[in-house]
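The chain that follows stands alone, in the form predicted alone, written as structure tokens.
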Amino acid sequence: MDQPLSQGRAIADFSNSFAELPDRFFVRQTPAHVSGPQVIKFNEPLARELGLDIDAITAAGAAEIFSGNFLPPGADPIAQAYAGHQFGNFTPQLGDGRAILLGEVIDHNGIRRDIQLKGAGRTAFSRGGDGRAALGPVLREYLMSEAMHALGISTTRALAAVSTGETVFREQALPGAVVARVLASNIRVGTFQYFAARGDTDGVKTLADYTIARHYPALRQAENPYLALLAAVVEKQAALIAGWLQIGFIHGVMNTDNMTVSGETIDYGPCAFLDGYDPATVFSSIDQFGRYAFGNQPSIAFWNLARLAETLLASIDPDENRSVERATEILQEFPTKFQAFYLAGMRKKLGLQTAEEGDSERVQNLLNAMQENKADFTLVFRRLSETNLPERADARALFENPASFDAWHNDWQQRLSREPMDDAARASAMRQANPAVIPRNYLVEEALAAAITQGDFQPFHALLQILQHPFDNQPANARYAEIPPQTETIYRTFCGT
């Protein structure tokens, strides 16, 4: 192996705080060696943001480092423990079965962030799995997480995608790969559940103290830091789920082990975006009863937060009844907080600077008309952004029964007449709230299929480039902003494991 780092330099100043917690929080784990790693994509802007020394990495170094073949100085690789409710059923031990935390760095904004290798081999938590990742899920995670970041949604990021030169076996033989992802942290609701399920109240308290110090340091001065932690996570998740609904995103597998306490979107397995608006939409092949349908996501987030609250009860107050009462008060704030975040975002999508009492009903009336007419969620809002401009796009044409749109549109125009912005300023603001392009499901699958079956990564790179500018009109790439062909609207996603 060629030396991955030039002149013995370090790629980063690692500062591995989670690895300093008690041993029961993790297992030290060296990534598995792979035979022929090659970089598919390296996110150089993110690497610089993290403070990585790009110039220290040799030509072949990125493949060796981000496949796990070479541990850079200061890395302390571990697999982290967590539990979780999966589709409502509790599993007391899950953990990083195919992900290894390479180490932590402090980025240019002074924020501590994890660098994790996903698909880096078996760990103590693999539960019989091979710990590997197939190429398709790796490319999906890269595309979706970077698209979400560009859309302004709190998310994990993709630092690198590396093919391994090896084969993984699922229902068929597939090319293997590793994704290096960046997280504010890997602490999940399921991490708290792991210790609570064991009656390890000291472990829960240690984890809560660490979480507060890492993500919410101001809470250390709170009267009750653990109750304040619950309130902070409720706030973060209310904002996150509102953001998902505002862009038509369906996570697909909102288990408690897939909800972070930092408020980041994590784990892009069977996720997808709406085409025609329908709150009952489910894409995931494993969600047979619609538990994680698009419109259920707020209620599922509330349910998951209740599971977090249960783990914190002993820390919140030694009096169980008092603890339950105080935690319940905090949980009951979620619907109000979610609705406030959601309505604020939907007002922006409709060009409303001011607030009026009927706005929530106005938003719902549009969504109802879209559902009845199978109107495309993304394109309706984007075309509304240009309704009053000379180059206006016709949102009305997206409705099978235009009369239902006309009634709503007349009401909206009257509402806009009471707004202070002129048409041009409003359209500009609306275009920053309503993307022209999203990761259309069929385009993502098209890019993945080309890479998997033909070794052709050009569609992946082209789609990624377009998704990095979602709010711009891109006439040369108009295909990416169009309604999907009718043959592509029946769609299923599959878990990468």
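It should be emphasised that the depicted structure is a prediction, and the values quoted were computed from it without experimental measurement. Numbering starts at 1 and follows the sequence shown.
Not pictured, yet referred to below: the form predicted together with a small molecule.
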*Flag this candidate site as yes only if Q86, L94 and N258 all have a heavy atom within 4.5 Å of the small molecule in the predicted bound form; otherwise mark no.*
yes
*Which residue, G351, G203, G131, P137, has a heavy atom that falls within 4.5 Å of the small molecule in the predicted bound form?*
G131
_Single option in R98, H215, R382, R426 placed near the small molecule in the predicted bound form, where near means a heavy atom within 4.5 Å_ = R98
*Looking at 301-309, 153-161, 119-127, 333-341, which one sits within 4.5 Å of the small molecule in the predicted bound form if you count heavy atoms only?*
119-127
_Against the small molecule in the predicted bound form, would D267 count as a contact residue? Criterion: heavy atoms within 4.5 Å._
yes
*Does R326 reach the small molecule in the predicted bound form, with heavy atoms at most 4.5 Å apart?*
no
_in the predicted bound form, is there a heavy atom of the small molecule that lies within 4.5 Å of any heavy atom of H409, even though the partner is absent here?_
no
*With the cut-off set at 4.5 Å between non-hydrogen atoms, does Y82 touch the small molecule in the predicted bound form?*
yes
